[in-house]
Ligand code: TRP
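Coming up is one lone chain in structure tokens, specifically the form predicted alone.
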């Protein structure tokens, strides 16, 4: 029996952090053994907000290198850059003619992102971002999409668009299902545990970036906020310590009971010291591997990935064009 297909991607904007690693990349690596995995650097999504072209070009390659260093294996998974497969843009236009204005206006991410510069000054690309995301997924007849809660609304739109197209023009798309990890899907800021760790947080002390050196990691954890009380235990009513303990559990792969037992009777200072050591050791192999992929090796992997992705995307696109009467 053939494996189910899975698709996911990340934008080459900002620096990836520990939350991205634990909530997404680690999961991608585990999934590539059981699924036919397609992992994309979604650089077309990145330009919905202003970008410096040279910076974006380099960041796109750097992110692909991070995928590899995290353990994504090009022998098991297809790694490619979104803009190298022109069908992503083509299907976006077709789906834009299927989508409804009201659906896009309800997207919470557009509401949030358009607040900064004002709705009237926001790009059309930012508004139709979820349609491009739908095209990414539907091109590959995807069975499952690893998503966090913040992207679940976009996947629901993707499903709606697939079902509407299939109903109106004939079956062309597989309707994808969400794959939501149970653990580590939402690592919180070290400085404000009410919000997620973010690569766009203005307070860099809230995020442990994947390429932070050991001293920086130790300082950030030492300065991480804690709650009132002294007991080190999992407790959602004490979000700061709960977040730090969750990070410790995920990087050490210990059970909750083992973590609580280890820090019974210990103070926050000792706990933070051991947490810092655990995070530093967890990131060390990744940081060592990232320098092993030079530009030539990376471009070879990405070219091969784009060719494999395009072979599937072109079949989907031909079928779509025939069904809508363009071919």
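Positions refer to the first chain, counted from 1. Predicted, not measured: the structure shown is a model, and the values here were computed from it.
One more form of this protein exists, namely the form predicted in complex with this ligand; it is left out here, but the text below deals with it.
Of the candidate stretches 162 to 170, 253 to 261, 223 to 231, 128 to 136, only 128 to 136 contains residues with a heavy atom within 4.5 Å of this ligand in the predicted bound form. Interface membership of residue 275, defined by any non-hydrogen atom within 4.5 Å of this ligand in the predicted bound form, is ruled out. Within 4.5 Å of any heavy atom of this ligand in the predicted bound form lies no heavy atom of residue 283. Contact annotation: residue 11 falls within 4.5 Å of this ligand in the predicted bound form, judged by heavy atom distances. At the 4.5 Å threshold, heavy atoms of residue 42 reach this ligand in the predicted bound form. For the candidate spot formed by 7, 147 and 151, every residue has a non-hydrogen atom within 4.5 angstroms of this ligand in the predicted bound form.
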